[in-house]
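Take a look at this single chain, the form predicted on its own, given in C-alpha cells.
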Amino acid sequence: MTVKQISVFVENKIGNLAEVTKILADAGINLCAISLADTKNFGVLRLIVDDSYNAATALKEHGFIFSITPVLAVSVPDVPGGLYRILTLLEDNGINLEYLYDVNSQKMDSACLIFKVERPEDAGKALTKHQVHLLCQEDLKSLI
C-alpha cells in the first residue's frame, strides 16, 4: 500500500516556495506532509496532499516541473525503539531506505513517517507481515 508523493523542483530564490503553496491553496489542495531539501540553486519540495491529481494538474498549468513517486506512510509506535524495529525489518529484507520525513498530526497516538524505499511494494509486504501499520492516502487526509 503506497501513497503518492509529489516532488516539485523549485529554483532556490525568494518567493518560490510561497508561489507553490499559493497555487495549491488556490486549487483547494490541503497539505498532509511537506519536506524541502535544498542545494545552492534549486530545491526539491516533497509533498503528500489530499488530492494528488488536482495538485499535479495545478502545478503543470503553472509550469512547474515535478514527479510523482510511490512512498510508504508508516505508523511508527511512539515508544523507544519504535523506528529502530521498522528500520531493522527493512534491513532484514534487503530494502534500502533512501529518505524519510514526518507527517505532523495531533490526531494520532503514534508517529507517522513517510519512507522512500527502493522497492515500495516489497517493503510494504515485509512490514505488513510483521504487523506494521501502513496508512493509505485516505488515512492521511483524515489526519489534517
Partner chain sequence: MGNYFQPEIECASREQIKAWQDERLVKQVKHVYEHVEMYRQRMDEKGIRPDDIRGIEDLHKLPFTTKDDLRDQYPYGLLAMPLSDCVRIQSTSGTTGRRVVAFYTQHDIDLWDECCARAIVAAGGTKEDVVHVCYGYGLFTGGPGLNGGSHKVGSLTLPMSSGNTDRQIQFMTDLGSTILCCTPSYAAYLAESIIERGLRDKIQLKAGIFGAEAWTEEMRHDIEEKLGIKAYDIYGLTEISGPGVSFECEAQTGMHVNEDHFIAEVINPKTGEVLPDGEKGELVFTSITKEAFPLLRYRTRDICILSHEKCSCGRTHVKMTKPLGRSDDMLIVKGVNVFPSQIETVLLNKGYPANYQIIVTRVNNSDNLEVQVEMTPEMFSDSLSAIAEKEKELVSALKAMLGIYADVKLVAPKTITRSEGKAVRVIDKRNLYQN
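This one's a predicted model, so the numbers in the text were calculated from it and none came from an experiment. Residue numbers count along the first chain shown, from 1.
The discussion below concerns the form predicted together with its partner chain, not included here.
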- Item | in the model of the complex, the one of D92, D26, E118, D38 near its partner chain [non-hydrogen atom within 4.5 angstroms] | D38
- Quick one: does A56 come within 4.5 Å of its partner chain in the model of the complex, counting heavy atoms only? no
- Any of the heavy atoms of S7 lying within 4.5 Å of its partner chain in the model of the complex? yes
- Query: So in the model of the complex, does any heavy atom of E11 sit within 4.5 Å of its partner chain?
  - Reply: yes
- Message: Although the partner isn't part of this model, could you tell me whether Y84 comes within 4.5 Å of its partner chain in the model of the complex, counting any heavy atom of the residue?
- Response: no
- Item | Options 48-56, 62-70, 76-84, 26-34; stretch whose heavy atom lies within 4.5 Å of its partner chain in the model of the complex | 62-70
